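Here you get one chain, nothing else, as structure tokens; it is the form predicted on its own.
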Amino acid sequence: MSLQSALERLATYRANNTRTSQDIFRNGLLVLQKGSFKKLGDDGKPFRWTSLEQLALASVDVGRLDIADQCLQLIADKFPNSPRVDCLVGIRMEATEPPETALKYYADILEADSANVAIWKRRISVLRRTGKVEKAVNELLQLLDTFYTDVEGWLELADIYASCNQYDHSFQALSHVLLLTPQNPFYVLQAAETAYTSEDFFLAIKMFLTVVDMTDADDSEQLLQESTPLGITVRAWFGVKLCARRIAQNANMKSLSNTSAPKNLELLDELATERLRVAYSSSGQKGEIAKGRQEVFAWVATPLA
């Protein structure tokens, strides 16, 4: 494989945010062995140095710390006193040093530069990994109070709360995510499933239907009948079906969020049943989802009450 091909492969992984450490290591090692980084001056292409950083992280993942150290040395020589290099050094430190050593390293950097978000997040990650969840949450709340638009931070907070079975707090964190990125159906689906887990079924079915509305190709009646649900749309229709059943089982159900009960629940259940039947009945490539269709058909055919 040529150097250019290896760089292109690494660039593709970065663009897709793909963490395939073994393959990244193989391609990145080729770039490193070519020795091109040692020849680059101030006019060196930035993406090559980004590839070297990518190799350093992959090397830590696969346990090749000797290669990681080599990459870090090259990057540090090229970019001395870089906050990004400080973060890489911290990640390398986490691989072999006790957590307390890494936490002290991050604390010293934050004392000098409290706006270093990357270092702040690494510190929170170490706290969570070592079981200091309460302290991790407190620091994460401080970070989000300073950098409110950090979607990744809100998602991490929601995940921490969910791991502690605090689904109401998790949903509150996700509500900030939806305010910041309202166009992302995956976050809406996550919020819907969190509402379902917290047993707020009125809110959950409303949000599942929002996912359907966001992901269906066209909501006209004619095309709706002809189209085949795919991807997260199928998952959302499953959510609608589940919520309809739970709501039908309890006539006195109330919503924790004061969301009004859905109208025409039976019609929603029938629509979800029809959409799931279509998803699992189609032929050709789209019909690959049809594995286990008889079990699905039997499940969706069960009456509401």
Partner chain sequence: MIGKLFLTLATLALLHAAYSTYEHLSLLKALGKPEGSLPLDIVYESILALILGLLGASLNAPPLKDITWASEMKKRTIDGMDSRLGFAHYRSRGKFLFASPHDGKI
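Not measured: the values here are computed from a predicted model. Note that the rigid core is defined as the largest set of C-alphas that superpose within 1.5 Å between two forms. Positions refer to the first chain, counted from 1.
Another form, the form predicted together with the partner chain, is not on view; read the next lines as being about it.
- Stretch 150-158 is the contacting one of 164-172, 150-158, 197-205, 76-84, since its residues have non-hydrogen atoms within 4.5 Å of the partner chain in the model of the complex.
- Not displayed here, the partner chain is approached by residue 97 to within 4.5 Å at the level of heavy atoms in the model of the complex.
- Contact annotation for residue 294: none of its heavy atoms lies within 4.5 Å of the partner chain in the model of the complex.
- Using a 4.5 angstroms threshold between heavy atoms, residue 124 counts as touching the partner chain in the model of the complex.
- Interface membership of residue 64, defined by any non-hydrogen atom within 4.5 Å of the partner chain in the model of the complex, is confirmed.
- With the partner removed from view, the residue among 116, 210, 190, 227 that has a non-hydrogen atom within 4.5 Å of the partner chain in the model of the complex turns out to be 190.
- For the candidate set 57, 32, 247, 268, a heavy atom within 4.5 Å of the partner chain in the model of the complex is found for exactly one residue, namely 57.
- Of all the residues from 162-192, those having a non-hydrogen atom no more than 4.5 Å from the partner chain in the model of the complex are 183, 184, 185, 186, 187, 189, 190.
- Annotation for residue 254: C-alpha shift under 2 angstroms between this form and the one not shown, rigid core superposed.
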